[in-house]
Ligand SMILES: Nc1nc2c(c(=O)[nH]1)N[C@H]1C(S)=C(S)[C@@H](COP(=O)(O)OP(=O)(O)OC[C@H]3O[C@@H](n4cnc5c(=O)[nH]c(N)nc54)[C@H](O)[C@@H]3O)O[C@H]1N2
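Take a look at this one chain, the form predicted alone, written out in structure tokens.
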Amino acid sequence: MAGKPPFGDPVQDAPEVEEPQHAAAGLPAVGHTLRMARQQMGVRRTALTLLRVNQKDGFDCPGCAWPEPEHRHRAEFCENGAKAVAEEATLRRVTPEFFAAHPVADLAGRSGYWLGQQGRLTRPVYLAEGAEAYEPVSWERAFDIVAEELDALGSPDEAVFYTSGRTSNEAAFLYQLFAREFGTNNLPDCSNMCHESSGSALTETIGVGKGSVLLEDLHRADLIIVAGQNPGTNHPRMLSALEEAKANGARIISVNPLPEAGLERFKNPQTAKGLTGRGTSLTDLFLQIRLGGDQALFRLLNRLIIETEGAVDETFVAEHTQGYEEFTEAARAADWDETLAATGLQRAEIEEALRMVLASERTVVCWAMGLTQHKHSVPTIREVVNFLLLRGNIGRPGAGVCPVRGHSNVQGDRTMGIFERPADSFLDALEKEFGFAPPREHGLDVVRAIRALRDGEAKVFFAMGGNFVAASPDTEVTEAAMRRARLTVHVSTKLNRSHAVTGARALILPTLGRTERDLQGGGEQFVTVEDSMGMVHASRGRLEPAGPRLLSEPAIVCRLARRVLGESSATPWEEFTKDYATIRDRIARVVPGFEDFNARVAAPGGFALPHAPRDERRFPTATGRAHFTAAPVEYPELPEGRLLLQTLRSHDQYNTTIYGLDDRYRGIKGGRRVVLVHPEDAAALSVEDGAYVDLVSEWRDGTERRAPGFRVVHYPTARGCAAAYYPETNVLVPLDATADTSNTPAGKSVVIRLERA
């Protein structure tokens, strides 16, 4: 018998539960998309806006970073992309009267869903020290406040400049330029929390911290392994690419602790078969792996490949790699019993996977945060690279590494220099182009920035987009750290939790969205973005701005830079504000691969950035070769009576943005505080379906964290594993629980116990 929620919002915290679905998209997705879009935008605005999403003459979806195909459908968007667009293009507005009626203490008690539903921010607001509510402020006064606090710092390194993935290439380049001209490399970004493990592993092994495939490589692959990723919710347009690959003869292995509807069957809403028929069965083999067991799985597969006569591409290994002997010694030690314990798989399942691997001449491995957010994430991804190197599957058409990035320009931001540990070559190019000496000492990533704020070593926090408080781990520690700041500033389009967790003083600076027309002194402007596969293209908004006082992100950065740096800065900030082409001219002279930027991005569909391993089978490592690695196999230990928890998104969610309270494919309706537990595990723990429990995380240092009041949902997860949504479960992950090397929060293998609420 189901219990009752012990506390909280009776709407959000008392979900209804149905059977999970086994197919994604189709007519229900179309209906849900149009219904939500109409609620936010109205009928006419919905039609005008959605038909421009991801078009060559339109704007880039502010959601995920999945690339656009060459030949595009008129409705080149997915359900979650439409939700992102609808919330940005909404007709709802947050007014000064709203802030007067809702002091910060009131905002702090609201859910993230409620905050996001209030609509677009349209004018700057300021929370004075000791004040209870935000009040309207002019742009000039807002920039003065930031300048006052930055000027009062004892060192530029007492400021933190955070970036969300939504920021355009132009804005990101200007932002890092301003921060470095101010004197700091404190440029943490959302990559630190998501795909830093991918960048760390790939840079070490192949010399480039990005994926090596283009969209057409997926279409040409014989075998695609999708590991630790849920495309149906997080990157729905990927399902179309997988469908095309299947039509071309590819086979697909899904490696995931949860069965995911999108990887089971896809009903393509752009085809008659998808709308009215059964759709396409995508997964040929489902490996329901135990959380954190991926490294052990790939290590054993590598041993079996090595032991199979003729399976290793010996010519490629000899000509393009190093470290093979040490790696093979480690791989040959892979143990069947240990692997089965680490993965929870059956021997026959791994043997079937091996047969599919050996039958493939062109293999792609795709992954997302299911691989990147463990303590041993970096060696796991290095083991994936070993797997591909063995059979020459990097630098071959239809094969390669494919880390699937989340936010729409998170990869582009890093390319533009948003990185706390910049390469000397990048800083040298900045110095040559702009005539100042940028700082060389490495700055703070996300986790280290929180520590610095907590310890009083950082005093100003400036965020270009995002929802830092809700995205970060160790919620109570993060919020306390933010409240110690002298000033917090957020450049935002909508309200979120971070606006209610402020420093002594706080500013919210409203900005244009991707959907909106950007008129500057030099006329109508466009910006550019880089997708998850290194394609760069233009984005042109067409809607009228949500309010007359909005500034674009480039304009905000340029005006702030001039106010803070004064006339001593020789950088032509005013020129950059008027004409974004002048920004791209500078990018072309600083960032490799962007030569003749303005002319190349004018071509419909944009251009591909160079990738030496993909394009030339050249590996820009210190040795000039790809590196096999031989790290010890690691996987989480699970004490008796405990579960391994992964934090994840619901279907009505993108990152920390909550579009609604349903998770349609998993059968959850009207609530978010749920924990998915296998029925046999629940029985062993004497926890019935519908019971309410507290989730208590346990760490090796003896610390515990508690997330109260979650409804137990019996669900076919991998045995010993559980799942619950973030940001509600971020509180369970201590600040110091991070991946080795990358320092990414380890939110995918949290040891928990269930306590009756």
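Nothing here was measured: the structure is a model prediction, and the numbers come from that model. For every residue, the number given is its place in the sequence shown, counted from 1.
Keep in mind the form predicted together with the ligand is missing from the figure; the text below concerns it.
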Report summary line: Of the candidate stretches 490 to 498, 304 to 312, 152 to 160, 352 to 360, the one with residues having heavy atoms within 4.5 Å of the ligand in the predicted complex is 490 to 498
Report summary line: Picking from Gly671, Pro124, Gly406, Gly199, the single residue whose non-hydrogen atoms come within 4.5 angstroms of the ligand in the predicted complex is Gly406
Query - the ligand: the contacting residue among Phe468, Tyr665, Phe628, Phe619 in the predicted complex [heavy atom, 4.5 Å] - result: Phe468
Query raised in the report: Is Arg166 one of the residues lying within 4.5 Å of the ligand in the predicted complex, judged by heavy atom distances?
Result: yes
**Report entry** 4.5 angstroms heavy atom contact with the ligand in the predicted complex for Gly262
**Finding:** no
Query raised in the report: Would Gly412 sit within 4.5 Å of the ligand in the predicted complex, counting heavy atoms only?
Result: no
**Report entry** Close approach of Lys578 to the ligand in the predicted complex, 4.5 Å, heavy atom
**Finding:** no
Report task. Counting only non-hydrogen atoms and a 4.5 Å cut-off, give the residues of 217 to 247 close to the ligand in the predicted complex. Result -> Ala227, Gly228, Gln229, Asn230, Thr233, Asn234, His235
